[in-house]
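Just one chain follows, in the form predicted alone, and it is written as structure tokens.
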Amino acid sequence: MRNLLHDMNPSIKFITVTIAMLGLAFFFNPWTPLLFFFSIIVLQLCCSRMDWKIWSLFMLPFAFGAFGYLWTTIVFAAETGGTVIWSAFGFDVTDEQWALALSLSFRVLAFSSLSLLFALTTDPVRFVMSLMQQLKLSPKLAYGVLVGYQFLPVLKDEFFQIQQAHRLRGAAVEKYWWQRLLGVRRIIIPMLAGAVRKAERAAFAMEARGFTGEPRKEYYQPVSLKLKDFGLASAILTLVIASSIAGAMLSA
């Protein structure tokens, strides 16, 4: 039960999340995105092995962004009429302004919760393989993305190695941020040269193993479609519909 979202077909999950986001964009009452946000949290509690500490760290900037939408919409919103519900620091806030501000803020939370659901329960390699098998993504693009993804940890290690090598050779340690920013070019140029060499070796290795970029019918790691994938997709879309109906009733 706790592995359902992790085992869900990535392509189906991607399409479902996209449809859910597009559907939420058409509702402007504050209740629909708020209800959907809590529904997604409950779904993750029941159907995923989410590390909630990591989830909270990723959610923190989105929460600040939601508060920024709330504040700027209240302070800088155009006159929309409505009944004044409270005043502070010379600003009159109407019920329509307050509803619009809450709607934008809760929409940020709803979209970010969906994005984190996809990002934290989807293996990147399996996602690319699923795009290639189910959505017929070009193998040239798919394997290029996979090779680039595998190089990311190597680039991070090379950055620190080159930085330490400069310090061992007596390079001065910059004190100010602008000095460190200008000093990055001494590290970036060798990294770019090394990246070009790695790309050439990777291309030669793929050609030597018979990679031509042509579509394939058989895969070493097939990503299959199962009935539970469509069941989870239906559950997420049902949450969108239920949240929209409940939000409309609460806003009436």
Partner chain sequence: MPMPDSIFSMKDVSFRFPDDVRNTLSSLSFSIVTGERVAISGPSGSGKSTLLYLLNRLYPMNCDGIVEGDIHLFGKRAESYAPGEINHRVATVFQDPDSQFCMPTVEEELAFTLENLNTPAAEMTEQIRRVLESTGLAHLRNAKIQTLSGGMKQRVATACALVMDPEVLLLDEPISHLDPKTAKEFIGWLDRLQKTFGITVIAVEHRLDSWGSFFDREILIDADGAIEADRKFIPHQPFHYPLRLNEVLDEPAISATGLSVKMGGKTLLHPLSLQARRGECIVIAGPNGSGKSTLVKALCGIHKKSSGTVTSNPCGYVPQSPEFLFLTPTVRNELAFSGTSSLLQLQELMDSLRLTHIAAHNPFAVSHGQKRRVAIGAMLADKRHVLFLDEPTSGQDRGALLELFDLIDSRLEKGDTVFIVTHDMEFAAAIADGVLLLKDGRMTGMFPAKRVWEDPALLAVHHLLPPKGAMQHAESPA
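From a predicted model like this one, the values you see are computed outputs, not experimental measurements. Residue numbers count along the first chain shown, from 1.
Just so it is clear, the following notes concern the form predicted in complex with the partner chain, a form of the same protein that is not shown.
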Single option in 38, 67, 58, 211 placed near the partner chain in the model of the complex, where near means a heavy atom within 4.5 Å: 211
Answer option from 205, 54, 225, 45, heavy atom within 4.5 Å of the partner chain in the model of the complex: 205
Per-stretch contact check against the partner chain in the model of the complex, the hit in 68-76, 124-132, 93-101, 106-114 (non-hydrogen atom, 4.5 angstroms): 124-132
Heavy atom distance at most 4.5 Å to the partner chain in the model of the complex, all of 230, 237 and 250: no
Partner proximity in the model of the complex: residue 169 to the partner chain, non-hydrogen atom cutoff 4.5 Å: yes
Residue 26: touches the partner chain in the model of the complex, heavy atom cutoff 4.5 angstroms: no
Residue contact check: residue 186 to the partner chain in the model of the complex, 4.5 Å heavy atom: yes
4.5 Å heavy atom contact, residue 143 and the partner chain in the model of the complex: yes
Sequence-ordered list of residues in 145-168 near the partner chain in the model of the complex, where near means a heavy atom within 4.5 Å: 146, 147, 150, 151, 154, 158, 161, 162, 164, 165, 166, 168
